[in-house]
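Form predicted on its own, single chain, as structure tokens, below.
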């Protein structure tokens, strides 16, 4: 029996007010519980697609269903409760004076009682390795800590689908490794848009290559990201970990 769908897009189109075409008839399905990577060159439509998942953008054509809902004015509150969006820059997501206030903001706006909010904040911070950070000011956190706290703020709302836009941007190696561990430990449906193909390789079992606002290829992540010809045709490179290293490097063209 097939798993239920978390996302179904059929001929999805989006044209920005200036006439730029962000999505051009995109077809895509994501099963509940999947971790799916979105890869492609700049302008491929990755961020545009993510912004449709919680209703920030509305389709200008085609059809979209997210967790069984068609984004629209009536479904927007429920959609934003069930879909968590992690922005590329965590500073766009952290705006309260303390970590506690930031992580509690979503659950409080859901109308949850104080004891439930406190429990969710505690559990979310513990899941991302930031237990004890409640009294700290977000602007004093490292890049990796900001990213972790922004994820905690979304997890505290108990989303069913998590959409992440370039989650490893501006992270140092330690922060990036911490992020990968967090993403690997999550059980909700994840859609991860990233140019960091090594991260996609580690956290996404399936990947989708976008270009020109359409899906041009999809499949198991390792197979897709090992296809040199396909990736180079769309402005990408095979991740270093998938590149054969059988031939030694000889500087200045020298050979043994």
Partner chain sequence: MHRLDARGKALAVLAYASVVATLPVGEPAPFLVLAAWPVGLLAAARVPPRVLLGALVAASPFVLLAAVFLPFSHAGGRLLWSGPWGVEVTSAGVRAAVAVVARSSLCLAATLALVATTRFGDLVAALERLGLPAVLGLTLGFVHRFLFVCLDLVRRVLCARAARSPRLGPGAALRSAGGMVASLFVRSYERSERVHAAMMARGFTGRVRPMARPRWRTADLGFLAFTAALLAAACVLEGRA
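Numbering follows the first chain given and starts at 1. Nothing here was measured: the structure is a model prediction, and the numbers come from that model.
Not on display, but discussed next: the form predicted together with its partner chain.
Its partner chain is not drawn, but in the model of the complex it has a heavy atom within 4.5 Å of residue 153. Shown alone here, residue 123 lies farther than 4.5 Å from its partner chain in the model of the complex, counting heavy atoms only. When contacts are judged by a 4.5 Å heavy atom cut-off, residue 142 does not count as touching its partner chain in the model of the complex. Taking the partner from the other structure, its partner chain in the model of the complex has no heavy atom within 4.5 Å of any heavy atom of residue 160. The candidate spot formed by 177, 187 and 198 lies out of contact with its partner chain in the model of the complex, as no residue has a heavy atom within 4.5 Å of it. Contact annotation: its partner chain lies within 4.5 Å of heavy atoms from the stretch 104-112 in the model of the complex, the single such stretch among 179-187, 67-75, 123-131, 104-112. Distance criterion of 4.5 Å from any heavy atom to its partner chain in the model of the complex singles out 54 from the list 221, 54, 35, 48.
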